[in-house]
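Shown next are two forms of a single protein chain, provided one at a time as structure tokens under the names structure 1 and structure 2.
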Structure 1
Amino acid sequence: MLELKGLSFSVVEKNENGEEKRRDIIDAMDFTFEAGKFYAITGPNGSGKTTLSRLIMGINQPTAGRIFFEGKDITGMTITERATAGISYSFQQPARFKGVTFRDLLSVAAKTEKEEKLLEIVRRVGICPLSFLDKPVDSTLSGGEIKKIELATTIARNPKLAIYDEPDTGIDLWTIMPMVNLLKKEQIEHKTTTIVVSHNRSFLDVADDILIVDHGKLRYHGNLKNALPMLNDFRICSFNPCPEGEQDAQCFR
């Protein structure tokens, strides 16, 4: 469905002496995502997880390697071309637009202004009350509200492949499980190939396949049970109470 072949991404950085050095963020990665499965990508902070998702969407261009989607080489495609092909991306920090309502964004995503269709999507995502459609997408929205809008506009496209970059960022604990259940339901009922980048245990629990990325390399893929020893070695996860000041005991860190 989605195949990565030797995918690499590097940047050139300068040290304090002005000397240039290349840093590999994604290093010759090979992997095939199968159609209709739920994938969770995790790993230490700075390991390359988000960069990998951005390369798939076309936000960044690889420095080497190829990306194939449904057998077609999409490496040189733009974001718009990939979206047209059926790939959608949900940002960690959704954009806010002064003077634009949720209805406006949803109409563009769903390619329709029909009230019945918009309400169908709103119900599908579990947004209530329906008057939420007319809320402005600006700074007055809470983190949870803007996330619901982002999820709704992503789902409205009925993508073949949906990528969610740390969708639990900025939302409360009571919103996480409904979000997990929603994405899993979409994957099952609409056969959406789903990729979630997250440190949160809840997403890993429902994943068909977990990918652990570290220093730009794919270190593991498989089920959660077999991943746990490596996650503990990386000091990513803990099943003990979080240290004082941390709120979510389910977060990998």
Structure 2
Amino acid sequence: MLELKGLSFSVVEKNENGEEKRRDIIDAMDFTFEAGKFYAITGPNGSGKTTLSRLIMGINQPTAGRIFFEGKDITGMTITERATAGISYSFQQPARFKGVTFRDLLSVAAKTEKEEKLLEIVRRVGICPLSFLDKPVDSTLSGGEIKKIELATTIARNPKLAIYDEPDTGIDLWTIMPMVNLLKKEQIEHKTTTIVVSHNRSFLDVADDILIVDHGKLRYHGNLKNALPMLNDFRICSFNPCPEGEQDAQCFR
């Protein structure tokens, strides 16, 4: 249902010597997401997971490659057009407004201001108390609260494709499992194609497929069991990058 063909996002950066160098944050990625499946994307910090999500939503423009959604080339579409087509994205760092409440965002997402409809959505989402409705979505919200609200606005849209970018950051221990179950339930009941970017094992456990991204490339696609050796391998962690081609022990200290 979602097809990435040679998708790239490159920026020009200056290296230590002041020379300009191209860096491929997403590097010629090819992949097809199948309808109705639950995907978990993981990978080290800075590997390109958020960038990939933003490319799909249309927030970033690819420097090469194309994106197809339900067979249609959406590469040139705006964010609004992609949203209208059924793509939805929960931001890793949700926007904070001034004077805009959760109710306002939810009404836009659900295209209704009817109280009973909004309450129904909040109940369906479950992880946000009803008292959240009139909270302003501003800098006074805690990190976990704003992530819950962000997730609720995505679900309220009834998207065909939902991308959640680290939905569990800042979420308390008691809410993680309800959140995992919620996304799983949404996938099953509404046939939502679901992509969750996460480092949390709980999401990997319920995913149909695991994708591991590293240095802008898809390193692995398959089930969790076969992914485990890679997930336990320190070499994939980029805090101590190895010079290319070198498999020297000292570089993964």
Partner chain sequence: MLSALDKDLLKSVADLEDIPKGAYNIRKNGKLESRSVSAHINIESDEERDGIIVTIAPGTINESVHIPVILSESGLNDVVYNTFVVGAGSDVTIIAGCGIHCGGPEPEGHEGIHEFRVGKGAKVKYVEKHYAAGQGYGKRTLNPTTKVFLEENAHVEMELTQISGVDEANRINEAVLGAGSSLVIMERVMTEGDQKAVSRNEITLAGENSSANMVSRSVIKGNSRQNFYATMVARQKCFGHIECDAIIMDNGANETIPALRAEHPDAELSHEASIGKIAGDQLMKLMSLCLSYEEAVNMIIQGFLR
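Please note that residue numbering is based on structure 1, beginning with 1 at the start of its sequence. Just so you know, these numbers come straight off a predicted model, no measurement behind them. We call the rigid core the largest set of C-alpha positions that still match within 1.5 Å between the two forms.
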In this pair, it is the form predicted together with its partner chain that is given as structure 2
Per-residue CA shift, G18 (Å; core superposed between structures 1 and 2): 3.3
